[in-house]
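First, one chain by itself: the form predicted alone, in structure tokens.
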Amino acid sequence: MISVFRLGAPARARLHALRELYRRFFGENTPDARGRRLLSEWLSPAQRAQFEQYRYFDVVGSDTGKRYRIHYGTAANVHEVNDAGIATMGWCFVPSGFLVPGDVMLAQKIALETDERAALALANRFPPATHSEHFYRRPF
């Protein structure tokens, strides 16, 4: 094994750059990172800003015009919200398979914005949690 200390400064710099490139490539190429990237590409600028700040974004249902808040997660992460932004009902519906949160959230967004009634017909309802919104602001 070659000792890093025995390498000259230019070789150490190249080795460091290569290590950093390798780390970034695999860090940005995980299934979770790809799912978040795909979701981000489908969000409107306002939804993207909301998601980056709060880890949730709002969508408007295609049939009723109701507003839904999709939180970062894979289950029990959709809430119907009133005009004041307070959750009035929770909805749990997810696509089949083992998907990362970004992919699940994208499917939920598309379902609510294109066929709200069908999505909710399959969903399980639950009462909204009483804890505050800061719960959802954890970093990724």
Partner chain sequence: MATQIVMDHSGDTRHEFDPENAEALARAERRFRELTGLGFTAAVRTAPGEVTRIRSFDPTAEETLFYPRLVGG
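Numbering follows the first chain given and starts at 1. In this text the structure is predicted, and so the values were computed from the model without any measurement.
Keep in mind that the form predicted in complex with its partner chain is not shown, yet the notes after this line are about it.
- You can rule out all but one of 65 to 73, 50 to 58, 80 to 88, 28 to 36: in the predicted complex, only 28 to 36 has residues with a heavy atom within 4.5 Å of its partner chain.
- Contact check for A17: no non-hydrogen atom falls within 4.5 Å of its partner chain in the predicted complex.
- In the predicted complex, L122 approaches its partner chain with a heavy atom inside 4.5 Å.
- In sequence order, C92, F93, V94, P95, S96, F98, L99, V100, D103, L106, A107, K109 are the residues of 86 to 109 having a heavy atom within 4.5 Å of its partner chain in the predicted complex; the partner itself is omitted from this view.
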